[in-house]
Every structure is written in C-alpha cells, then in structure tokens.
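Next up: just one chain, as structure tokens, the form predicted alone.
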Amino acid sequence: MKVLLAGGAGFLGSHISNNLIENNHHVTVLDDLSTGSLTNIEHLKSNPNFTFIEHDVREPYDIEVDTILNFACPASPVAYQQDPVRTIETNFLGMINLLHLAKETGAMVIQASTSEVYGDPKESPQQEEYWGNVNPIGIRSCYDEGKRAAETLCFDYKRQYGLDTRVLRIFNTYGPNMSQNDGRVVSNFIVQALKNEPITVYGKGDQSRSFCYVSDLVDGIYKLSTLAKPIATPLNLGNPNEFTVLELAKSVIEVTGSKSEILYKALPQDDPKQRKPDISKAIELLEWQPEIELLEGIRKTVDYFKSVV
C-alpha cells in the first residue's frame, strides 16, 4: 500500500508507522508535532519506504496514495483542552481535507475515532449501535464532538460519493512512546510511581476503564486496513477486560515496587464513569481480539518509562 498516515509521530501513530514499514508498505507521515515527537520515528527516517513531512492537517495536502489513516489529533484531556478550538478544527477540518484527498485519489480512509463518542455511557458494554451520552458544550466536547463530527463526515462521504471509509472507535490504549506529560491515567500513574510521588486518583477511583496494550491495538488496525471488503458501521477496538482506576493504581505500585501513596482528588468535569467495549464485530470481521493482559502490559510500559524518566 501507499499509505498517508496523519499523526504518525504520536504515541499510537508511531507504532502504526513501525507496523506498516515492517510489512513493506510505503508510508508518508504527516504530523505538525504539536503532541507527536520526531524521537518516536527517528529510526525510520533512513528507510527508503518512509517519508516524514511536518504538516498541519487543517490545511490540505496533495499526494498520490491508496490508503489514508487519520490519527491526527491530541488524545489526552490535558493536551486537547489546552487549545480546544484547534482540537475541534483538527478533527473537523482535518477530516474534510483527507476525505477530499480520498475523493480525488480513490483511496480508502480509516478514521481513528474514540470510545469518547459514547460519553458517560448509560449502557455497558458499549456496542457500536449505542448513540452515546455526550455533553456537547462541556470541556471535553472539543474532542468528543469533534470525533463524532468526523464520523459523520466519513459516513456522509461513503453514502454520497461511494468512498470506502472505515471508522474505528479506540478504547484506552497504553504502552511505549507515551509522553511523560501525556495526562492519561496509565502514563500518569507509572511516572508518579517511578518517582515515588503520590499517585493521583480522581474521585473514589471506582470509575472503570478497559486498557488495551498498544501492540494488540495496532494488530487490529492493520487487519482493518487490509480487510478486503468495506465495513458498514463503526468498529470498536479495545480490551474488554474492565478494571477500576484504583485497581490500576495498585497494579502499577505492585509492578514498580514504588513507595507511592494514593492521593484522592476531585473528579474532573464530564469524566466518564465507565468504559467497556463490546468487540463482537471485531472478532467476527477481523478475527481479532487482544492477547496481552494488564499486568504484562504494565510491565512492558514500566520498562519503557524507566529508560526515559
């Protein structure tokens, strides 16, 4: 494939870049480096099948390509709330620009959506048919509603122009290449534990998440990108095993051998109380399900952070 990967220098994008290059595809990465890092892809720059271009997807970009993967958007609340206007512009304008390119080239498009489109769900596990419970004017809505709008664009372009657009809804993912200041719960806890600082748990820690190790997720993304037939609905990708945030904190302390204590703080506005994906469609369509369980994934992630903290 000739792949255009938007956001390919970020945490998840860099792992996708690795995977595509390992599978002998030609990869052009676009990234404005607002949250991505050249360090994540430095080892790929000498590969003749790899090209990096610093570019903001809010502006159009022309290239001959047959596959477009859109992973261009900050994914942690800390990052996307710093500049909410830019966040929603990246989701909406970036998606429009990439869909225009797909319309010109006939490329297949994969849009990285998110479990955040379900908001604070009233159904569990979350199935793709669930419309969600999202605050459209809250502090997280620049991301939540931005991703929902991008999904709408994908399906409108599918219906109106016959494009092959594929939307995947990604649940909490973690692993190497996460930033120390990422703001997501796994990286926060690991960095705090390695420094023997208090681990900050918001609320009582009884809110739940389903944590997917990055290599499992990337395997699912690759299977989606090489699937021979289009898919008619969004697709959940994540690990359906559910843990409370407090259980995660205790697991991180156990794996790191940290002396950290748990510090409880007020729950942020619109923070979802629960996350658990129904991955029945991914199992059926992609023959995919995650293999790495939480403790094993935490150990791998801790090993990475020990090298950078």
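Just count from 1 along the sequence shown to find any residue number. Predicted model only: the values in this text are computed from it and were never measured.
There is another form of the same protein, the form predicted together with a small molecule; it is not shown, and what comes next is about it.
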> Quick one: of 170, 185, 101, 88, which gets a non-hydrogen atom within 4.5 angstroms of the small molecule in the predicted bound form?
Replying inline: 185
>> So the small molecule isn't shown here. In the predicted bound form, which residue out of 282, 65, 44, 245 has a non-hydrogen atom within 4.5 Å of it?
In response: 245
> Within a 4.5 Å heavy atom cut-off, is residue 202 in contact with the small molecule in the predicted bound form?
Replying inline: yes
> Does any heavy atom of residue 271 come within 4.5 Å of a heavy atom of the small molecule in the predicted bound form?
Replying inline: yes
>> Under a 4.5 Å heavy atom criterion, is residue 166 part of the interface with the small molecule in the predicted bound form?
In response: no
> Is there any non-hydrogen atom of residue 38 lying within 4.5 Å of the small molecule in the predicted bound form?
Replying inline: no
> Each of 2, 71 and 220 near the small molecule in the predicted bound form, meaning some heavy atom within 4.5 Å?
Replying inline: no
>> Given the stretches 150 to 158, 101 to 109, 204 to 212, 233 to 241, which is the single one in contact with the small molecule in the predicted bound form, using a heavy atom cutoff of 4.5 Å?
In response: 204 to 212
